[in-house]
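Here we start with a single chain on its own, the form predicted on its own, put down as structure tokens.
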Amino acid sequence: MLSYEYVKCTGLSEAVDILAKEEQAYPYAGGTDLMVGMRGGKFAPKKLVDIKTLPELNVFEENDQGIIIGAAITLNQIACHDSIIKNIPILAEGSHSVGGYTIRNRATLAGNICNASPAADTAAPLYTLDALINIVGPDGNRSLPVEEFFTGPGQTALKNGELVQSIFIPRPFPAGKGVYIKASRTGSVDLATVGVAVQNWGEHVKIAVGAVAATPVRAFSVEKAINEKGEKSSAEAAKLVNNDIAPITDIRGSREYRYHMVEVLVRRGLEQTMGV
């Protein structure tokens, strides 16, 4: 049976100090990935640092620069938020794709990306929105583009003692439609076998795909064909996504199936958002 100390922090600086100094201390907000990992033996914390009620992590606001989503904001809060639905519905779709309703009442956007699964449903939408990850740690604050935050399966750019404080979606928001399309074994709740985010920005498109490489990746080959070369066929453009990915075979699908499905979903995303 696991034995660990539980600490409820009263301030962000206290949390950072504990995480920097204590061996095997883990931040605890939603806990939906952490608890599963603890039961499965992936994590063996000596101390759980409860951060979910910290005011600095519960900020959820829109201003002249963009939208700030604190690290303790749940996925259901995001999926139902009027400004998200109005301005960046692709993120609402990605958030709604994670688990079931009760899980989304606990799970957070920050936790979904900090788990660093290549199949994270919110990652691909964030890639297409030029999201910034705001980080706080013992050496101060810093921000990273979301594409630099993921460094490998289960790995992020966070250093010892650092926490994600918030996710920032900058203005201007996309002028066109965005969609997140997910293929999974059960159709709901399960992790993505393939996840595709396509965001129309009016004059160009951004595409990101998940579960087909070591991290979520941008489909730059497809983007170039449409944005620079003027490709009008969604089917022809979608074929190029194979240049950007390196899928593996696992319990959720074979390498060959992923190559096929990612092309299908990119094509559908382009048809729904770009009309090509």
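One-based numbering along the sequence shown. Keep in mind the model is a prediction, meaning the values are calculated, not measured.
What comes next is about the form predicted in complex with a small molecule, which is not displayed.
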| task | Tell me, please, which stretch of 71 to 79, 201 to 209, 168 to 176, 138 to 146 lies within 4.5 angstroms of the small molecule in the model of the complex when heavy atoms are compared? | result | 71 to 79
| task | With heavy atoms only and a cut-off of 4.5 Å, decide whether A238 touches the small molecule in the model of the complex. | result | no
| Should A119 be counted as a contact of the small molecule in the model of the complex, where contact means heavy atoms within 4.5 Å? | yes
| Would T32 count as a contact of the small molecule in the model of the complex, using a 4.5 angstroms cut-off between non-hydrogen atoms? | yes
| query | Do N112 and the small molecule share at least one heavy atom pair within 4.5 Å in the model of the complex? | reply | yes
| note | None of V59, V36, A44, A246 but one has a heavy atom within 4.5 Å of the small molecule in the model of the complex; the exception is V36
| task | May I ask you to choose, among A131, I90, V98, V194, the residue with a heavy atom within 4.5 Å of the small molecule in the model of the complex? | result | V98
